[in-house]
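For reference, the chain that follows is the form predicted on its own, supplied as structure tokens.
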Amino acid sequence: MKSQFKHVKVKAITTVVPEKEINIYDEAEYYGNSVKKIDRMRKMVGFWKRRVVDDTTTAADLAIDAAEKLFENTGLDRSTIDALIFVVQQPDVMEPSTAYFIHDKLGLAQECIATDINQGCVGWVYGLYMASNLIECGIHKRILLLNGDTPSVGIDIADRNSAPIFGDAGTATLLEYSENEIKSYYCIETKSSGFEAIVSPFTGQRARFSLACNLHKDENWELLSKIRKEKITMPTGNDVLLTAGYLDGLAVFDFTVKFVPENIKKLLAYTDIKKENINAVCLHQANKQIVQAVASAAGFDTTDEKKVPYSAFENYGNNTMCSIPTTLALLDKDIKKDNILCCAFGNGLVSVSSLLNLEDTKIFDLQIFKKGSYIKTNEEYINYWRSKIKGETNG
């Protein structure tokens, strides 16, 4: 799918990261206490630092704080927002949409619609595309796009395939209708045959273990108890829980280095803008190797780190759908932002390329997440719902 929008302005972008930082050199025990090995990994893959949440912060909390900081930084009247889109793959609850919870916490207008979109690493660019459609058709004038993800949650610190990679973040993007022409372009392609390449197979209704089976302790309860403990040895030699997320690394890498560069080339052909006129190539920060491989295959010079940056991964980890906004926040201030190429790719499998004019966009520096007073500890949350179910509290 190729598309062009002419009246959508990206007004402002704010990104927040958790305060807690993990440095790979502090994890030397997992590399045989070999600094040389860590140095080699850092040079090749880009491992260095990442930011992770505590055990009570969710993707929604990060997004809410990013939105509050955007309001504060821009002075925006939040009552003028007529649509809220929250892109997430780890929602607070399975139902209803977490966007309604966010809508309440932000105090948005009753007339403002709210909805979730389930996407992974492509979530920010995909969200821009969906919001742009709503604005371009004339229905909405001002949309708040929120993204949040906490991929570090639930990962075994000893899992060197995943733990050093992922960081957490939240971002808020304000989009508005513009009377003046501001062109943006998108190219979205889906290779759904790779659906199982990145998947959490036991998190939905396909493997149906009802909550009632826990109460009655029937055969489903016995089966659920068994598979929750079952470990499978991967070809790499790593033992993982059967109920953990699954990643086919070879399939994903093959998709990334072959499919994604072609997606970028199709976008450039559609826009008729030459590579030399692209001011920055902001790719999803999967890791340094992948960023450079994709950019090179698409025809860009990867020796220019200002034009093809990967410092977001080095300093904040792969924060999935927030990695491109993180990259934008770190761009060299001297780079012109009228032709910014953004490309995200990931679970689905899907690749979304876009060419954006961010010349007049307020891209704020990265900010540290501030925990909301509404956030409960796990024990407080459990006690809250005990009281709620008993009818002892209304709020």
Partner chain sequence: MDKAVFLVELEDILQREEPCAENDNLEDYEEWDSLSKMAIMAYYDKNFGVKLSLNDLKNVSTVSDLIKLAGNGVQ
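Since the model is a prediction, treat every value here as computed from it, not as a measurement. Positions refer to the first chain, counted from 1.
As for the form predicted together with the partner chain, it is not shown, yet the points below apply to it.
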Review point. Which of 67 to 75, 190 to 198, 291 to 299, 309 to 317 has heavy atoms within 4.5 Å of the partner chain in the predicted complex?
Key: 291 to 299
Practice item. Check each of 274, 258, 231, 206 and return the one that places a heavy atom within 4.5 angstroms of the partner chain in the predicted complex. Key: 258
Review point. Of these, 246, 253, 100, 202, which has a heavy atom no more than 4.5 Å from the partner chain in the predicted complex?
Key: 253
Review point. Would residue 44 count as a contact of the partner chain in the predicted complex, using a 4.5 angstroms cut-off between non-hydrogen atoms?
Key: yes
Check your understanding: Applying a 4.5 Å heavy atom distance criterion, does residue 40 contact the partner chain in the predicted complex?
Key -> yes
**Study point:** Non-hydrogen atom contact residue 370 with the partner chain in the predicted complex at 4.5 angstroms
**Key:** no
Check your understanding: With the cut-off set at 4.5 Å between non-hydrogen atoms, does residue 336 touch the partner chain in the predicted complex?
Key -> no
